[in-house]
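Next comes just one chain, in structure tokens: the form predicted on its own.
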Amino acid sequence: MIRALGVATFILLLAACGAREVVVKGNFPQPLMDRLPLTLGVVYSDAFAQHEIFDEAAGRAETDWLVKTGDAQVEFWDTLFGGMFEEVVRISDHDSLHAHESEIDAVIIPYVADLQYTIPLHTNVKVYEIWMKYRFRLVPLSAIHDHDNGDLTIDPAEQLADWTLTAYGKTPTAFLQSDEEAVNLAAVVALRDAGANFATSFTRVPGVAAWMEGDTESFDSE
């Protein structure tokens, strides 16, 4: 059984009673690579940083699921970016936007764009498969605008690159103690796969490559 979902929904139906909750947690090592000589700003939207998925049971033999991925998403991408770039600056408000204006080379904004999954419905085999789709925007700092209410907005007309990547995660074993553990592990594997794809493809994204080729002074000075 495969279902395609949007940003606000995610995962799971299982034979059980009562709602189940998973707060995704995992171990996310930094990538083993030479850091790019860039200072990268990062903006996590509220929808990204507080991302959680509620999937309502479709029948009496199934259960509601609440899967909270926001903290794991932020922890994972902070770790990955920290291992890829010389310096990473989190931009979340007016102060952080303007504190490093002279240092930031560009700003990246990640989004969860889509997800597909398969579930072991009405079986005892707790193996889950998850396909995730991310969207990334790379923009100059001048494209980030702050407002009196504290919100940050992005001018897409100024963006340097806009691309997507996919990731796949599968519970590596059916012999886990709980359905919740199987869900968590599949999500962690998908995040790690997303990171590997991002790290190996970032400099080959056409808009990113064009921007980096035009930023020769920054690279030649290293």
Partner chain sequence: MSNFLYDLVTPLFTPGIDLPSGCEETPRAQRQRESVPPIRVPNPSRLGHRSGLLAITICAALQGCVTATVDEMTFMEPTEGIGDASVVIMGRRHAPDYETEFDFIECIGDHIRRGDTSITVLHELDFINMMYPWFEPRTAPLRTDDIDKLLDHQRVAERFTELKLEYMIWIDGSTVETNSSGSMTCGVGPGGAGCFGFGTWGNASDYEATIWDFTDEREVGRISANTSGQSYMPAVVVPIPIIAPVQGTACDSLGDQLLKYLSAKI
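Just so we're clear, the structure is a prediction, and the values are computed from it rather than from any experiment. Positions refer to the first chain, counted from 1.
What follows is about the form predicted in complex with the partner chain, which we do not show.
This chain appears without its partner; in the predicted complex, the one residue of T39, Q50, Q159, T166 with a heavy atom within 4.5 Å of the partner chain is T166. For the candidate set V23, A19, A199, A209, a heavy atom within 4.5 Å of the partner chain in the predicted complex is found for exactly one residue, namely A199.
Just one listed stretch, out of 42 to 50, 63 to 71, 151 to 159, 24 to 32, contacts the partner chain in the predicted complex at the 4.5 Å heavy atom level, and that stretch is 24 to 32. At the 4.5 Å threshold, heavy atoms of F81 stay clear of the partner chain in the predicted complex, well away from it. Though the partner is left out of this view, D193 does reach within 4.5 Å of the partner chain in the predicted complex, counting heavy atoms only.
Under a 4.5 angstroms non-hydrogen atom cutoff, the partner chain in the predicted complex lacks F136 among its neighbouring residues.
Although the partner is absent here, F85 is not a contact residue: none of its heavy atoms lies within 4.5 angstroms of the partner chain in the predicted complex.
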